[in-house]
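A single chain comes next, written as structure tokens; it is the form predicted on its own.
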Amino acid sequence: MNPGWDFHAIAPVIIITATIVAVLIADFFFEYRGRFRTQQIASLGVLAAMIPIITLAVDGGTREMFNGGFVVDPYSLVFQGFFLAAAYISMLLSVDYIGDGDYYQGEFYVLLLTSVLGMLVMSSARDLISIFVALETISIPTFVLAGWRKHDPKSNEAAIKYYLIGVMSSAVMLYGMSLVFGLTGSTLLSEIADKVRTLDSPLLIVAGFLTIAGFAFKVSAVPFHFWAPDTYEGAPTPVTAFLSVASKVGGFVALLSVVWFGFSPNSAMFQPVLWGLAAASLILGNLVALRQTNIVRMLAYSSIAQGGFILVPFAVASDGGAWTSSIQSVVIYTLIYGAMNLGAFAIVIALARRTRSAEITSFAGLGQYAPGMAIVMSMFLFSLAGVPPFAGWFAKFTMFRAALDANTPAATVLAALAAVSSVIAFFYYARVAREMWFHQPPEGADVHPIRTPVALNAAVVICAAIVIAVGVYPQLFARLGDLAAGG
């Protein structure tokens, strides 16, 4: 029982906290128009926070603080590295977008970093209280970021919807956690796991359902998804990219931590709920995405469907003792999903700088006047669809493997539903590719080569390199999944 501080273990948290303070102070010394330049300080802080994660990974072992309420192990380090990488790419997407508009205040990066701080804490949290505080630290800054275009009614609507649904989900989740505490007498996940092993109470099902429902709002799982499409469309596109990847995965990490470390000895009682969330997200997300004409709304419903794929291993985790392959699948899928989705949004931002439109028809003829951009966008889309040799195929493979390892009728049905959903998804991803390669540009459109900022190009290159490298050599991420699962 060690309540002391291990400064090496919490070094990433300390560095990000110091960076937030530095950005906030530096903002006072920039001219009003130049305040978006605090992105440089923020980016350096994020890269600096990567260093202790690498040293901790090399050092190995598990470090516990606060009586086991904060744990630094391979599981937490993998996700901390992911969140910092996603934050860095999001900043690359943001710098020119924020600098070119009328919303260039330096507080943008303070809010972004504060949300990242919550993600780092979430990765190591093993206590219901710290999980809740971390999740709110993730969510509250994003409420403001969603409404950053303060003169845009759609952005205001996005922020209000996201805020109201977020507050309601927090209340539901906190009520469920309070019931768990009342039944087990502890907020530590390790102690909860010991108690629920022998606890046979209907109230535990209610407590678990409310807690999981709260997380379902955070990850926009059906039927708790209705805030996502409007929020994604109304928020600034870099913020939408950040919400769809980093914030969403933060919710999945919270769900995974609670289910794996807390409820796993008795998780079979929650499997029907998780199975229903996964199936509904797969069906509705993919079917509605087929009907979208706006690329951001299409990617929003695609994100809901991708969340359904990530939920499949959750839904079968206790069936047949398939915990290891399920954890590996969740970790690998989230890492690959982050690269695919951030890359797709980077291309959307680059094209929108030219066309000022997010309609799918604005991609018409892109292959004629910007073939490089069209090739990369096609790669991201087909990777999201799970087409080899891009990384998405390996994410889908691990998901199907986890479902089949469970070897139960429920898992088999869910795997079949995921297979059908993958086929449906291919059609709306291919629709965008068809616009780029087989349609002519709109009459009067500017068909000169598109010049994109250096930061945006860097984000595209990073994401494309990951998607290609992992698709060709999947062991790059497979090992991370093994480490996170304790292998």
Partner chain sequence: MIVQNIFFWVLALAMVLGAIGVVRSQNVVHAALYLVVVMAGAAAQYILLAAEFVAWVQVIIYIGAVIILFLFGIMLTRAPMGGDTKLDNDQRWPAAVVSVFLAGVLGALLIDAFGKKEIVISGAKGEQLLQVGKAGHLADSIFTAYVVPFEVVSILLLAALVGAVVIARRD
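Numbering follows the first chain given and starts at 1. Bear in mind the structure is a predicted one, so any value in this text is a computation, not a measurement.
The discussion below concerns the form predicted together with its partner chain, not included here.
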Point to revise | Any non-hydrogen atom of Y175 within 4.5 angstroms of its partner chain in the predicted bound form | key: yes
**Study point:** is_contact(E107, its partner chain) in the predicted bound form, heavy atom dist at most 4.5 Å
**Key:** yes
Review point. Does E359 make contact with its partner chain in the predicted bound form, using a 4.5 Å heavy atom cut-off?
Key: no
Check your understanding: Is there a heavy atom of I129 lying 4.5 Å or less from a heavy atom of its partner chain in the predicted bound form?
Key -> yes
Practice item. Please name which of the stretches 218 to 226, 149 to 157, 324 to 332, 297 to 305 has residues with heavy atoms lying within 4.5 Å of its partner chain in the predicted bound form. Key: 149 to 157
**Study point:** Output flag, V133, L179 and S201 jointly within 4.5 Å of its partner chain in the predicted bound form, heavy atom basis
**Key:** yes
**Study point:** Of V121, V245, M379, L351, the one that lies within 4.5 Å of its partner chain in the predicted bound form (heavy atoms)
**Key:** V121
Exercise for review: Answer with one of S170, Q271, T187, T355: the residue that has a non-hydrogen atom within 4.5 Å of its partner chain in the predicted bound form.
Suggested key: T187
Point to revise | Those residues of 55 to 88 which, in the predicted bound form, come within 4.5 Å of its partner chain by heavy atom | key: F66, N67, F70
